[in-house]
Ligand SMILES: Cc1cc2nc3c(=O)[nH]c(=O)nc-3n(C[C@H](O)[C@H](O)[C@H](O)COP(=O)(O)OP(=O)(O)OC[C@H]3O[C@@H](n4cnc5c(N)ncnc54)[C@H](O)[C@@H]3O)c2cc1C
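Only one chain is shown below, in structure tokens, and it's the form predicted on its own.
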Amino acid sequence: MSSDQVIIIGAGAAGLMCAISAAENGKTVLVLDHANKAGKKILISGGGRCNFTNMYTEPSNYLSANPHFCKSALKRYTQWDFIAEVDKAGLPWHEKKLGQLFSDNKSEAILNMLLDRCEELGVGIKLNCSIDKIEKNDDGIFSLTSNDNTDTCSSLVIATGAMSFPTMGATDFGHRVARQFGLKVTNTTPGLVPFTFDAKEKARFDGLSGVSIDTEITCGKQSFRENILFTHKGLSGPAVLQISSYWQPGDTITVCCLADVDLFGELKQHHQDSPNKHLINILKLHFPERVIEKFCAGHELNKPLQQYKHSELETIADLFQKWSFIPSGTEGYKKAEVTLGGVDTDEISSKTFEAKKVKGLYFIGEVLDVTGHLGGFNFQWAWASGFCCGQAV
């Protein structure tokens, strides 16, 4: 293959979409990946069903030091554009909730759709390819040394993702390439990741692992309304993963269980209307008994309501609806769905994804400092950034 080909490092969502887009635009494309199979993270996504986009994708669903950077690509390649590709391939899908679209078939159906299109377009995909060195000569040609082989190109796209899911082979390779060529990389941390409890909270909620509760969870000015899930180490579930991207060590997390109910107001009403009812029986209308026992440890609940003052009922209600704690940390990259931070977007063109200081070098997808909310938004960023870059290379 000639040096004027496009080489894409990373056969994930962004890389495959970029390959398709570039090949459709008449480019000769080669995709390199160190894994033994393309699209490994696609396969495990959405519990194996692939939450491939979200109907309500907006720039506000993304975190970045520059919140405007994602706007251009998301406008030029929308969720409807990818849905059209899924429909064209004859793949059935459904909305699970909150605009989250899932494949009716396994995630492999979405991956195969991309791989089949790559094959139709003559895209070369080389797996088990470990890149040892990248150089650029005075003529603007990149030279990639890997497995005792050398490939050259005039356009090099970095689509390697970041550090989340290291068991799938994820690394900071893309960030190291950026630094090699003098580009800034913002601070990186695990995102969409479970919290861990300190010893006190862990002891308090011991035995609740596997219990899920509908909540509104808040950190600072940011809130999400979804379920939390108790784990052996702390808290997970959609609400926790969402808020984790906004949490900094030392920040307080506030949880309101049963957010649609004014629990104190309900207890006061029962106090007036049914004073002989026992408090524990009212709470059982909303929570499993073992949840009540853990949340209300040390409080007497097995008395008629008439024996409680309003202030005591408010204290009990607040245990569920104003629960605050400071996580001891997170479960780290091994359980994180994404990496927050990445290649500084000030270094990159929002239209072409080319590095402003290095002609012919492009960065797309998770390797950049753009991180979506849970629910298909990160896939949509991969599709959008990949497509737009493919049109530009």
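The numbering used is simple: start at 1 and walk along the sequence shown. Computed from a predicted model, the values in this text were never measured in an experiment.
What comes next is about the form predicted together with the named molecule, which does not appear here.
> Give me the residue from T345, N61, N51, T330 that has a heavy atom within 4.5 Å of the named molecule in the model of the complex.
The residue from T345, N61, N51, T330 that makes the contact is N51.
> Of L283, C219, L313, I131, which one comes within 4.5 Å of the named molecule in the model of the complex, counting heavy atoms only?
Exactly one listed residue reaches within 4.5 Å, namely I131.
> Only one of these stretches, 320-328, 64-72, 354-362, 36-44, has heavy atoms within 4.5 Å of the named molecule in the model of the complex; which one is it?
Of the options given, it is 36-44.
> Does A14 make contact with the named molecule in the model of the complex, using a 4.5 Å heavy atom cut-off?
It does: once the named molecule is placed as it appears in the model of the complex, A14 has a heavy atom within 4.5 Å of it.
> Closest heavy atom of P288 to the named molecule in the model of the complex, within 4.5 Å or not?
So P288 does not count as contacting the named molecule.
> If we define contact as a non-hydrogen atom of the residue within 4.5 angstroms of the partner, is T171 a contact of the named molecule in the model of the complex?
Contact check for T171: yes, within 4.5 Å of the named molecule in the model of the complex.
> Is F165 close enough to the named molecule in the model of the complex to count, meaning some heavy atom within 4.5 Å?
Close contact exists here: in the model of the complex, F165 approaches the named molecule to within 4.5 Å, heavy atoms only.
> Along 302-338, which positions have a non-hydrogen atom within 4.5 Å of the named molecule in the model of the complex?
Residues within 4.5 Å: A336, E337, V338.
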